[in-house]
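To begin, one chain is listed below as structure tokens, in the form predicted alone.
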């Protein structure tokens, strides 16, 4: 796995976040290189105000911070942390960090964008760019060529302006757009909808997974959440819009709820939804975090988890593995981790390695999903998470 990005007589050491000793994925891709090479060929004079959208681990931010004033805007807590670590690692100039819910700064000279996986987030970002940028400000976006469809270009044309594309290079393509469309279309910040069969109303910001209806895994999980008057603290890890937190809170009104996600938009949505559906008097905490970083060991009774199996456009199971490891550390003796996932992901094997096969039970399953319960037993020797991943 390469950690040294060398281009145009510059070199940076770039690592993904969190740092793993067995990392096999790079902290940048050919799309980052394509943008860097293209902007270098433009002959951009120094001192420009550059807005970088969706910089995964800070490769673009590190590169351009040396000669320009950089603002990085991302919905990802992990991307923010990764970029900050890489900026510090390479002794780069400080940059401004913003979430996608923040306003776009004035006076931007150039926008660079990694096109997000979610079309809802892309539409939201394009709309914000059109309403904030001067018409002569170039926008250069990049993605894998196979991910740039006619519908993608239509979104740029509709919500931003005149759009063209480059030739493909290392399976990536650039999109060039200008904020000049005549009709500035307002895009709602969030969508609201009731959950079928539940006394719950949800409001989702643009980058929240399963934005306009409940994903099937979460819906299956709702039917199997525990009711236990002894529960004092419940953690919803990877909470999304907070649906599992809300239902668990309704079933266990005595429990304190902690909802955690790495998406700033998910955290904002979950906070709003929890307060709306459980009331502002409930003991609720909603946090943007990398899994359970900083959480005290042996501090909770139940962890709910509907793990993602991708990070941006990369399919990976290391996030789920970290969630399981962190959950085990946070659980009290005999505390429970409840996980829902696609059957083909074989989470039962991973949980058995971590908790012991005899402490992992299938609670429910259907043709697509399985719900697993893992119970912590402090009598077991604690395994080395890195060794058994």
Ligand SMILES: C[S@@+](CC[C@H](N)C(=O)[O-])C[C@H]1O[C@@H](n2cnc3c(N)ncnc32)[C@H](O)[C@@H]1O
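Quantities reported herein were computed from a predicted structural model and do not represent experimental measurements. Numbering follows the first chain given and starts at 1.
This next part talks about the form predicted together with this ligand, which is not shown.
Undergrad: Decide open versus blocked for this chain after superposing the C-alphas round the site and placing this ligand the way it sits in the predicted bound form; the blocked call needs 3+ ligand atoms within 2.4 Å of backbone or C-beta.
TA: Placed partner leaves the pocket open.
Undergrad: Taking heavy atoms and a 4.5 Å cut-off, does residue 249 contact this ligand in the predicted bound form?
TA: Residue 249 lies outside the contact set for this ligand.
Undergrad: Within 4.5 Å, heavy atoms only: does residue 323 come near this ligand in the predicted bound form?
TA: Yes - in the predicted bound form, heavy atoms of residue 323 and this ligand come within 4.5 Å of each other.
Undergrad: Answer yes if any heavy atom of residue 137 is within 4.5 Å of a heavy atom of this ligand in the predicted bound form; otherwise answer no.
TA: Residue 137: no, not in contact with this ligand in the predicted bound form.
Undergrad: Can you tell me if residue 317 lies within 4.5 angstroms of this ligand in the predicted bound form, counting non-hydrogen atoms only?
TA: Because no heavy atom of residue 317 falls inside 4.5 Å of this ligand in the predicted bound form, the answer is no.
Undergrad: Of 110, 200, 295, 78, which residue is found within 4.5 angstroms of this ligand in the predicted bound form when only non-hydrogen atoms are counted?
TA: For this set of options, the contacting one is 78.
Undergrad: Under a 4.5 angstroms heavy atom criterion, identify the one residue in 86, 177, 114, 263 near this ligand in the predicted bound form.
TA: Selected option: 263.
Undergrad: Quick one: find which of 231-239, 92-100, 161-169, 147-155 has residues within 4.5 Å of this ligand in the predicted bound form by heavy atom distance.
TA: Result for this chain: 231-239.
Undergrad: Hey, which residues along 289-308 are within 4.5 angstroms of this ligand in the predicted bound form, non-hydrogen atoms only?
TA: Residues within 4.5 Å: 289, 290, 291, 306, 307, 308.
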